[in-house]
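Only one chain comes next, encoded as structure tokens, the form predicted on its own.
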């Protein structure tokens, strides 16, 4: 496919129009109004793409974006101000400060699992920081992509925000090979993230990678089992398990394993009825490829609950797996579906060995009644972020930077951090001319003792 010229975005950015506070605020207000105007369309699109209920769509898609807009608009004026910092003895009487300038023209690539939120939230950061942007939505959520296209093209000039649909395998390389972006923000799989990272490196383009991984969840012997089961089931089976911060697998203390499984068996039908295939609250797999991939994992252990599936509906029942080998495919791949392996442990070393097979997860969760154990586990497991006695909800707190580390990503965003991600911190030192001592200038012989006094 032929691509429109991106030079117009560079020209628009260079004009300086996007950099004023008034302009940024007006674009955020315009986007908010457009989202509210298309609220019903977004509900319908996400129901069509992923069978999401209106309530789930509000909590995980529309509402979280509107909340982000409010947070950014309330703090933007302050964030844009130069930050005064101290000046060292060597440079007195200079003054020092840090300014935040926009990166320029940025590329934002969204995924299909939360196709609205995960494209719009990074855009908010780009707008707030004063950039121009190219948006590449996922082609696997076409209904949602069509609504977002309307929202963007009806409200923003393509010279400011350009919306690019199409096959990612074709469009993304074309974009990156024909234009040098100033920042790339990608949300998706680690495999594709590596490819984008390599392509960006050719032009030394800074990147933010929001990837995934196998987020482990530990249930200690002293955990509140009923609460743990409810919170884990909610996070794991929301969006049919297609969530980057869903608990990928549970490692439960052997003394409470049976009780935990039993509690899950009672919890799941309360959430999704005895027949989740007809439940208003339960989603579907995005496409046949993902359906077949997740179904293949059912043979990797003993199905102790669920397991029913229907390829015509792209339906997989919430499923619990026991007796899972750590060498099986389900314990090597990110599951990204409604199948929950349950492993047991006796010692901390056993847990660390399991997690070491997939280091630096995007999220880490622990359920325990002990503050001491919670701190010990949190310190022992390197991860992008996580929760104590909860799962996934840290993602919804826009005061917490969200991002991964290592194979689960690089960089972070949400709230102020989104503004920071799409800004360059420029260091400025201002020196007066009324004080200009000769000691700073050659000849330097004989000044070493004085230098040692000043630089220490």
Ligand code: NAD
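Just so you know, these numbers come straight off a predicted model, no measurement behind them. Positions refer to the first chain, counted from 1.
If you look for the form predicted in complex with nicotinamide-adenine-dinucleotide (NAD), you will not find it shown, but the lines that follow are about it.
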property: Residue 228: touches nicotinamide-adenine-dinucleotide (NAD) in the model of the complex, heavy atom cutoff 4.5 angstroms; result: no
property: Residue 253, heavy atom within 4.5 angstroms of nicotinamide-adenine-dinucleotide (NAD) in the model of the complex; result: no
property: Close approach of residue 100 to nicotinamide-adenine-dinucleotide (NAD) in the model of the complex, 4.5 Å, heavy atom; result: no
property: Residue 127 within 4.5 Å of nicotinamide-adenine-dinucleotide (NAD) in the model of the complex, heavy atoms; result: no
property: nicotinamide-adenine-dinucleotide (NAD) in the model of the complex: contacting segment from 219 to 227, 296 to 304, 88 to 96, 133 to 141, heavy atom within 4.5 Å; result: 133 to 141
property: nicotinamide-adenine-dinucleotide (NAD): the contacting residue among 172, 207, 234, 151 in the model of the complex [heavy atom, 4.5 Å]; result: 172
property: In the model of the complex, the one of 189, 177, 325, 346 near nicotinamide-adenine-dinucleotide (NAD) [non-hydrogen atom within 4.5 angstroms]; result: 189
property: 41, 240 and 276 each touching nicotinamide-adenine-dinucleotide (NAD) in the model of the complex (heavy atom, 4.5 Å); result: no
property: Neighbours of nicotinamide-adenine-dinucleotide (NAD) in the model of the complex among 190 to 207 [non-hydrogen atom within 4.5 angstroms]; result: 192, 195, 196, 199
